[in-house]
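Take a look at this single chain, the form predicted alone, given in structure tokens.
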Amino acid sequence: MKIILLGAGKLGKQLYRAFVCSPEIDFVQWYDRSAKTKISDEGIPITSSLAEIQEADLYLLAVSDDAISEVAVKLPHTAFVAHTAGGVPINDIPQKRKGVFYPLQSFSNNQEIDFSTVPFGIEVSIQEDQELLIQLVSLLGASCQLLSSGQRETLHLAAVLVNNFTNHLLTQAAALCRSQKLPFKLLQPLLLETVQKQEKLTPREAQTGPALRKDQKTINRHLKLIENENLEKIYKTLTASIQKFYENEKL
């Protein structure tokens, strides 16, 4: 399978490492717009110019969401082009043969991902191209789910709630700990339990806390402790949301 990878951000670098390690992938070229060398340490040709892009079976875009259309339009019009974004419609790619290869995971520069643990959302415009993306998932040792653009965008929204918003709450919790010289690692067993219990319970069943119990005294004490205005708004909003959700379930 001849692949050209376009993009050298957090996801692009992770995919680069995975492709280099797969003997069944013919890694033709890597597009990195800020590249200062023509060959990587692993011997992969690198280009910083779209005009130098070679031929391949698949052109995989791991660029920013806003750059997908801009980059794709400069690729061969007969090419099979797929992007990796969760929230971008497949039709943002102008080619007739277009696809989506969406890894449902969060990517950081200093955290190497084992793609065999990552589920992929797959979508194609032409049925014959579906097998190529499924094969690529298989070469990474991963699993995939066929998704429409609507399903994928909803899944991406859910992923933002699960990962990005949750991580922001962890950032706020870490700041509270620092303010009282408390080690954040004290919360790690609770954090692990919160995630692990989802294997046996639904999120609805796993909910606990003062908002669910309608423990207004504890809620009021918490609000007095909060000095950050934005965190106070978050606390009040989430408390009200939890209470409204479970009140509606009882109706």
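Everything numeric here is computed off the predicted structure, so don't read it as measured data. Residue numbers run from 1 along the displayed sequence.
Although not depicted, the form predicted together with another copy of the chain is the subject of the following passage.
In the model of the complex, another copy of the chain sits within 4.5 Å of a heavy atom belonging to Ala173.
When contacts are judged by a 4.5 Å heavy atom cut-off, Gly209 counts as touching another copy of the chain in the model of the complex. The closest non-hydrogen atom of Gln95 lies beyond 4.5 Å of another copy of the chain in the model of the complex. Using a 4.5 Å cutoff between non-hydrogen atoms, Asp65 counts as a contact of another copy of the chain in the model of the complex.
Gln180 is the sole member of Ser138, Asn91, Gln180, Gln127 with a non-hydrogen atom lying within 4.5 angstroms of another copy of the chain in the model of the complex.
This chain is displayed without another copy of the chain, yet in the model of the complex the stretch 221 to 229 from 221 to 229, 55 to 63, 27 to 35, 40 to 48 comes within 4.5 Å of it by heavy atoms. Residues of 141 to 160 that come within 4.5 Å of another copy of the chain in the model of the complex, judged by any heavy atom, are Gln145, Leu147, Gly150, Gln151, Glu153, Thr154, Leu155, His156, Leu157, Ala158, Ala159, Val160 in sequence order.
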